[in-house]
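Next up, structure tokens for two forms of one chain, structure 1 and then structure 2.
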Structure 1
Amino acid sequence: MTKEKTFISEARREQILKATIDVLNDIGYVKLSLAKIAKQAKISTGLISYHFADKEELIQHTLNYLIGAQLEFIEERVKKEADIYQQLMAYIKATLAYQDEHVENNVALIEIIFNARTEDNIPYYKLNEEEEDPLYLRLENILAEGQRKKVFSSDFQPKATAILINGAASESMLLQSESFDIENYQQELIRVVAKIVK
């Protein structure tokens, strides 16, 4: 396959993935169909089938796309910081910013994780239970490195603390309303985390 064909193919796949995210936002996973995705993308269902074997494969790729987009968004901001404490702060700020700026991705992610099932009727949230979530792993590594460098206290467990921080940050996606003050939430979360790690 030539570079141009590969580029076109990748662009088409991304178009389909974004249309899937839009449809998940509009009608949810239960009513999702290849026909509705094709209509949203303004393409034929045959073209979707050319790029993805079936609905399950499309959903798996959509899930990977969503996780990858969030990880890239956060990593881009974290790697700008040389200081490990500032990396931790950047991680928290970026996670909250992503939740706030990409609500449609969050909705699609929730729809897939809690509603999608494999052909064997296994819920998506139970797949790959042995694999570490890349977001949690990234934060755990920051916390562990801070302890190794003696910048952070040794009085906390990095894995448990990563779960705690990510849980608090992820919860903000469910609090999106006029009365929710994301800036205040961020300040409070940073204040609490600073007390834990210092």
Structure 2
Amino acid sequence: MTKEKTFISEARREQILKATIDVLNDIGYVKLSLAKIAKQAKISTGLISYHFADKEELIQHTLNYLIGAQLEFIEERVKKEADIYQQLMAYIKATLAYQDEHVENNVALIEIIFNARTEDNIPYYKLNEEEEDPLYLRLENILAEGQRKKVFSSDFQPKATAILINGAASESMLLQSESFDIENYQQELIRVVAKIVK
């Protein structure tokens, strides 16, 4: 109820949020300030405070947006596949595709996760994500379901394998150079995962 905002208010909040992502890409979390965000969005600093309780709430919303966008992107492609094996491949391809196509979002996500902290001063990257992170769970479920349906070998552990695949997939997030051939890496990763699940 408290969150029923007007149309214009929602639009403004989204504008500020997008500006935050831009500024994070430009100068990073350490130098992030409301003044910089305001300048990027071409509004006054006071307006940010009007729409967000404080800087932390703004960052929290930006984080939620970024996580949601990635999840939606991947889920969208996974659910198009009926076959469980194709779902697994879609998951991997979508993960890499998102990193390639939405670099700004990934950079902003990294900046927040590795810098922002909870009220208890615990950095987000130390929070146990594998227990709650919907992306982790999605992958783990695909792997487990494949085993249940006897499509995959029962020769691997869904949880450990999910961590492994996610680790291998997100590594490419950090390697956006000319020399890194993401197309080729995707093929290799898919070949390896195919081997694992047999």
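C-alpha atoms forming the largest set that superposes within 1.5 Å between two forms make up the rigid core. Given the structure is predicted, the values throughout are model-derived calculations rather than measurements. Residue numbering: structure 1 sequence, from 1.
Of the two forms shown, the one predicted alone is structure 1, not structure 2.
With the core superposed, residue 77 shows a C-alpha displacement below 2 Å between the two structures. After superposing the rigid core, the C-alpha of residue 117 moves by 2 Å or more between the two structures.
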